[in-house]
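The form predicted on its own is given below as one chain in structure tokens.
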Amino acid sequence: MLSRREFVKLCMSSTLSVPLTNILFEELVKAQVVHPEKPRALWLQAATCSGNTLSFANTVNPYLSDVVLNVIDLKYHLELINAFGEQSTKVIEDTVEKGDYILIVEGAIPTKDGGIYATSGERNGQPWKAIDLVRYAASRATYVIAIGVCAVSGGPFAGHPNPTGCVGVHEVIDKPVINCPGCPCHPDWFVGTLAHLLLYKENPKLDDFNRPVMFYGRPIHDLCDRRSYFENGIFAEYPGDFGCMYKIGCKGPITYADCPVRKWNEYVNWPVEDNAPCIGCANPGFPDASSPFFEHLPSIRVPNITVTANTVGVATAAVTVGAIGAHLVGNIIKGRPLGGTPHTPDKDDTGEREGKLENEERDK
């Protein structure tokens, strides 16, 4: 079985020559030889468009059927099981009574008027409100995963003026929550997180927002293949134009996800590659915190300066509000990678890094 270090390195790889889920599935099958009893799981839905279910359904190698039939024992999912009415209620109750299961929550949790704006059938003749159901199911869960930005921080359902008082899962339960944001969450982000829990019986390393660092550890801007345009002052003026999309609203500098290397639609492309700016759907507070989508970040002003290829990071920046902060501004000016966590080189890239340092010293 892969060591935990090897697992994380695989998940963070920038050269995904084969689908990550294919490799993880093989590891999970090996683990089941030692632990043949499949872990039980409940997937609950609150205020949601079911986009994360659809995204999960697009997981490839393994396919959805492999995960829910061979990897986990999915006891309940409103759209994936045959049970309904009292039968489905009993499935949930029996699972909670036994304890030791993984709870997966999709969708925001309405809190206004007692949470009546999202229900899941009835219990004891009364609507089973999502807020009560999630609290009940979380009470004996071993792990809780919030899948999608709606479950993480409310998402579009919590957008202004938020008439139903929607919030993220972590705000209504008294238990740690692993957050896997995105609108929707990439299948690999969820399956990879699930695989870590099953293989190593512990949470993956999480950031300050409880997101798995192996998927949400670096800003999109760091990984984007258009970053050289940013550093050389070459900016697109409209969607589809040549250059960096920062000036037309790209939220890559403040969005932590690996979309540029993982890609979407069975690893085919991602928004910037398809000539659309990143809108920051993996950010807490999306969409309000990323709006307006097609206006550049208000705290950084970058003039349209074209520089030679040998000049790195020529830009001026003025902080007008604290949305990104002085750290980001300083890194843009110095041409350094953006992000809160400094890069620790592996042995393989030490020589390359030393060579860059020698070149910098020679240029000085």
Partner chain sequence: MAQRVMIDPITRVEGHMSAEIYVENGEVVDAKVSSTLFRGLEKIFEGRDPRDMPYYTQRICGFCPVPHSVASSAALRDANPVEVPYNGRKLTNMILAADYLMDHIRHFYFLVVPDFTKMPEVSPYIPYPTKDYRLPPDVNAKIVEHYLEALDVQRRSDTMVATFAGKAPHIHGIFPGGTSMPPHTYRVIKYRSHALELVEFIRTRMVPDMEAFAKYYPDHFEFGKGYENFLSVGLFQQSENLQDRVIKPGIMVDGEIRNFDIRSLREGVTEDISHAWYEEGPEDTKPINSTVDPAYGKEGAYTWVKAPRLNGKPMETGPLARMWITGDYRNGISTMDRLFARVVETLKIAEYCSTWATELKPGEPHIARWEVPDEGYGAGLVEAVRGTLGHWIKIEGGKVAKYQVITPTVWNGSPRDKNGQRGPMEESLIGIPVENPEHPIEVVRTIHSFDPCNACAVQVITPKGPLKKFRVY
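Small disclaimer: the values here were computed from a predicted structure and weren't measured. Positions refer to the first chain, counted from 1.
Not pictured, yet referred to below: the form predicted in complex with the partner chain.
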**Prompt:** Among the candidate residues 223, 78, 96, 213, which is the single one with a non-hydrogen atom no more than 4.5 Å from the partner chain in the model of the complex?
**Reply:** 78
**Asked** Which residue among 209, 229, 200, 294 has a heavy atom within 4.5 angstroms of the partner chain in the model of the complex?
**Response** 294
**Asked** Going by a heavy atom distance of 4.5 Å, is residue 273 a contact of the partner chain in the model of the complex?
**Response** yes
**Message:** How about residue 142 - does it come within 4.5 Å of the partner chain in the model of the complex, if we only consider non-hydrogen atoms?
**Reply:** no
**Message:** At 4.5 Å between heavy atoms, is residue 91 in contact with the partner chain in the model of the complex?
**Reply:** yes
**Asked** Looking at the partner-bound form in the model of the complex, is residue 100 within 4.5 Å of the partner chain by any heavy atom?
**Response** no
**Prompt:** Out of 191-199, 214-222, 119-127, 169-177, where are the residues with a heavy atom within 4.5 Å of the partner chain in the model of the complex?
**Reply:** 119-127
**Request:** Could you tell me if all three of 57, 238 and 266 have a heavy atom no more than 4.5 Å from the partner chain in the model of the complex?
**Result:** yes
**Asked** Does any residue in 149-169 get within 4.5 Å of the partner chain in the model of the complex, counting heavy atoms only, and if so which ones?
**Response** 156, 157, 159, 160, 161, 163, 164
